[in-house]
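Here you'll find one protein chain in two forms, each presented separately as structure tokens under the names structure 1 and structure 2.
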Structure 1
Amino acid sequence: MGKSINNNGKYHKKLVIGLFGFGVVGEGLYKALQQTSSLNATIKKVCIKHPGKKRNAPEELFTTDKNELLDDEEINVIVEVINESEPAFDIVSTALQNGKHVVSASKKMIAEHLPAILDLQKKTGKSFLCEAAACASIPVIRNLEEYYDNDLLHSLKAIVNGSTNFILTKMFEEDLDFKEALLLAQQLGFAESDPSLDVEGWDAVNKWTILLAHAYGNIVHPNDIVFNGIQNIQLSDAVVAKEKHYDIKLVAQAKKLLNGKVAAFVLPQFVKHDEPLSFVKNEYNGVVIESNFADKQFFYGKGAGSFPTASAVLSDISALRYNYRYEYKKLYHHDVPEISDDVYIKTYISFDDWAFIPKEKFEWIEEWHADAERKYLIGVLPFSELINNTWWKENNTSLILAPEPIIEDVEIRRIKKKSLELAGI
């Protein structure tokens, strides 16, 4: 990289950026960089898909030819903030192979291509940074990567999608209907261009796989994680939540189990009012990390939107000045725990007809309300039931986890033994 001397006589690497994408995040970055002259970074060219659009930047900055950026030797950093996953991967891999550092915010692309990106980072020796790809403004990737040792990290519980959190807040606290709330999230630039990625939980699970890699070293494809979005949640669920003094949130979770494995999933969940995640409203995200000695810590910040996302991209660009790269310490220097399928989960399920619910699959059912048109139960299911079957998200069935949903195998055996003893068996 080129170097220049600043007023204090200190060397700073000069960063010459090729930017892919000038949407919500790209334009945010462009404006943010203009206000951050200390960074010694300039955008040389911006590659866009649709040249006809009116943009708030000089026309000569733009091109539709990706090679103008990828083959330009002066450009030493490619920032990629486009929408489509496959073209994004093509840009990222060519850029790394051409000897450029890369900063990306494309969570879907990263989640789907993480093994290849790791190989490319190793092979080329270049940095691939993606703080903006999970929880936008919250520096959670770098914290997981640098601060938390695998053994100390008990659990992570997080709200990682701003749009769904925004919609739930607007629906249940401000009485907007779903469509109005989604439209607002789109207008404010929080939602994906295909908002079903937000609403059905895809965006959250993509982010969760990225965070799992940095938290525990698991390289897992999003298709292999149990997840759902908020599309099945009903107003009647919100009424039950209110009665029980809970909020409903889309929560991503990972927990180290007594058997050394990790339970991980992204599902709607009841959250108690005194839990930190209950405090996370609108487009904000939050991450609760529990570790052996520090106990609980709570990270909170804006999880979507132009400047909050651009701020994380900016911070990655800044980190490139001192050649920062993720070492994936948990993956390369620790034993990576297996993702577990042998836990049990306590859950609320509401449904239209008992015929849709395989009652025999439950370990036990603690509560059921069958008289109203919309029925519900609270019970304990083997987690494998969610992995192997889909009845729990079909036929208008709504599954919302209990506040402390994970029950370990040993605990189930202890509870069963106790109930047999009490029954005198």
Structure 2
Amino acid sequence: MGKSINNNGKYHKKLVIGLFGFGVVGEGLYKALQQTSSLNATIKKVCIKHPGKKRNAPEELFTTDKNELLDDEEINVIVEVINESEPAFDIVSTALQNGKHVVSASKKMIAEHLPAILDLQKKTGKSFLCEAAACASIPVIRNLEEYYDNDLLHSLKAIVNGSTNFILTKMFEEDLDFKEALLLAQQLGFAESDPSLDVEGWDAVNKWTILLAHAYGNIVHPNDIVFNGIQNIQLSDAVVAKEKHYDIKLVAQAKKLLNGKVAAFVLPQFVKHDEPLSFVKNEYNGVVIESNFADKQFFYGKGAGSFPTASAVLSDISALRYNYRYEYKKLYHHDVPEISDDVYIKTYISFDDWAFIPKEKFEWIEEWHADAERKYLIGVLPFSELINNTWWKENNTSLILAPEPIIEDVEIRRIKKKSLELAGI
């Protein structure tokens, strides 16, 4: 990587960038770099898929040949901000093997190929940075990498998808039903014409996979995490939440348990009005990190959009001037905690017909309402029930977690013992 010397005699690396993708994020980065002359970074070439499209940049900047970027020895940084997972991984892996640093915003690609990316970073000695892939403008990855030790990190709770948060906000604040709120999100550009990746939870679980690696060192595939989206949330659920003074959010959560394992999932959840995530509205993201001595810390910012996402990419590019790389200390230098399936969770479940609800699976049911057209109950389920079965997201069933949903095995035993004592047994 080329170096220039500033007036203090210190090295200041010149970054020559090959950019893949010139959509919302790519163009945002191009404009941001034009306003950041101190960075000493320039885009030499941009690889795009559709050459005939009108773009706000000189025509000679663009090519459809990826090898013009990947084989150019002057280009020392590849920035990849395309939507397709497998082509993105091909770009990233080739770039690292060709001795180039990589910055990526492709959460699906990273979540599905993280073990291979880690292996390539180790073998090549080059940096792979991806702050923009989770929570856009919020610098959560670098904070988890540098600030929070595995043993002191109690929990993370986060809203990582702006589209679903926008929809839920409108359901609460304007009493829209799900379809009306989704249509509004699409009209305003916060949801795609095919919104399934967002509303069914795929985008959120991909981001959560990345954050788990930096928080606790867990390298897991998205398919191995229990998750769901907001596609089954009813307006009647919002009414119940309001009665109980809760909001509903799609929350990604990880918690260190007393046995040293980690419980992790992405599910709709009731959030108390005095909790930080309750204040995260519309397309914004929020992350609450709880540690042993610092207690709770709250990160808040835009989770999508041209400049917010470009700002995270820009931050990663800037860090490359100093050869910054993720060290994955929790993975390589700690005992990585096992992802647990032996906890219990407190849930609210609404449904149309009792026939679809296996009541015998519950440890206990605290509350039920069977007379209304839309029925619901509140009870405690083994987490393994969500892992091994799918009834809780079928037949128009809506599952929403309680504000503090995780109940550990020792707590279950204590509760059962107390109930037996009260019963005189």
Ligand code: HSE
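From a predicted model like this one, the values you see are computed outputs, not experimental measurements. Residue numbering: sequential along structure 1, first residue numbered 1. What we label the rigid core is the largest C-alpha set whose atoms superpose within 1.5 Å from one form to the other.
The form predicted in complex with L-homoserine is represented by structure 1; structure 2 is the other form.
Annotation for residue 353: C-alpha shift under 2 angstroms between the two structures, rigid core superposed. Put the two forms on the same core and the Cα of residue 223 is off by less than 2 Å between the two structures. Here residue 193 counts as shifted, since its C-alpha moves by at least 2 Å between the two structures after the core is aligned.
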